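Next up is one chain by itself, shown in structure tokens, the form predicted on its own.
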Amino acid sequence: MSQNAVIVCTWGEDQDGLPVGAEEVLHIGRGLAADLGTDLAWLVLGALPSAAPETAGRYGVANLLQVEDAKLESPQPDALVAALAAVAGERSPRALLFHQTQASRAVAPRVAGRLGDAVVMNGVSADLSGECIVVTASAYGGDTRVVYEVSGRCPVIAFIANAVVPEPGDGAAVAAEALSVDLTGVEERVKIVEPARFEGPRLDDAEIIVSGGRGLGSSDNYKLIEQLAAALGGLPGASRPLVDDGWVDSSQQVGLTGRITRPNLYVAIGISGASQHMAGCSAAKTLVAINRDAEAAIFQYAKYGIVGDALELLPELIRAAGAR
């Protein structure tokens, strides 16, 4: 593997034999590596995902690297940081790229600290301008974009979900190259007492999402959101206040601190349109809003809007959707 490669860093296996978001970051990494005139490498920590060799070929990966160690079987932050810093110290990459998840939020800044280089979170794209890597990132809950010019040796960049639509090409499967790092002295300082568990379909992948907010009035009325979502063949979602109040599970939260979605249709019912929520749904192809307040911010984002009482409109919408 050549020095100064752009390295995409992943661990775990989530869906379709790949870590969540891997193809998106490989797509971004492929473009950045081409701009820099260097190789694209993919560093896998722990077990090699079943689809990794074929996927690496489709995204032009020159080197598929794997670090296996007992402490990476169920990767935790301290072991991940130590492994990433060790590989980066040996290979001198031009940039380290991550898909932004709860885990990588805890890991990426610490790796940058170990390397003494810059970190950019919430990225949506990366380009080259002169000697600088220019990173466009989401800011203020998705309300705007900020542009960073990064001139360091090895910036660490994390990209939010659905930042791009990945476009795989053609290419032969890439054989993995085993790397060895010394993690014997690493002890995790934070212990997971009970891991979060998510089962069934994910909002991240849903084509249709119907979300409810405080405008529903009470938790009993959330069942109308579930019924409309089922009638449309989609999934129910919620704004953060409903999760905070215990109406729904956190896996149903859409927003900056929840799920970042890109559905074909997003129906927001009784949701004001705060920037934190819009960060999770503004990429929807079509956004429909229902709110009693004609001045609600959600109408600035909606392609179609209805000013009215959601509790009066929802039963009619459910009947209409069920009669399709």
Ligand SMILES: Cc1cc2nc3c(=O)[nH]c(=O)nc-3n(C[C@H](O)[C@H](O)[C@H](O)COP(=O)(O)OP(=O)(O)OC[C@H]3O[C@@H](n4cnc5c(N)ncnc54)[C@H](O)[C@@H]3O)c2cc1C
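No experiment lies behind these values; they were computed from the predicted model shown. Numbering starts at 1 and follows the sequence shown.
This protein has a second form, the form predicted together with this ligand, left out of what is shown; the following refers to that one.
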> Can you say which of 240-248, 160-168, 81-89, 130-138 gets within 4.5 Å of this ligand in the model of the complex, counting heavy atoms only?
Replying inline: 240-248
> Is this ligand close enough to Val254, Asn291 and Asp309 in the model of the complex that each of the three has a heavy atom within 4.5 Å of it?
Replying inline: yes
> If you check Ser282, Ser272, Gln66, Thr38 against this ligand in the model of the complex, which one has a heavy atom within 4.5 Å?
Replying inline: Ser272
> Ok, Leu287, Leu32, Ala51, Ala296: which has a heavy atom sitting within 4.5 Å of this ligand in the model of the complex?
Replying inline: Ala296
>> If we define contact as a non-hydrogen atom of the residue within 4.5 angstroms of the partner, is Gln276 a contact of this ligand in the model of the complex?
In response: yes
> Is Pro93 a contact residue for this ligand in the model of the complex, using a 4.5 Å heavy atom cut-off?
Replying inline: no
>> When the contact criterion is heavy atoms within 4.5 Å, does Arg145 count as touching this ligand in the model of the complex?
In response: no
>> My question is simply whether Pro155 lines the interface with this ligand in the model of the complex - judged by any non-hydrogen atom within 4.5 Å.
In response: no
>> Heavy atom within 4.5 Å of this ligand in the model of the complex: which residues of 208-222 meet that condition, in order?
In response: Gly213, Arg214, Gly215
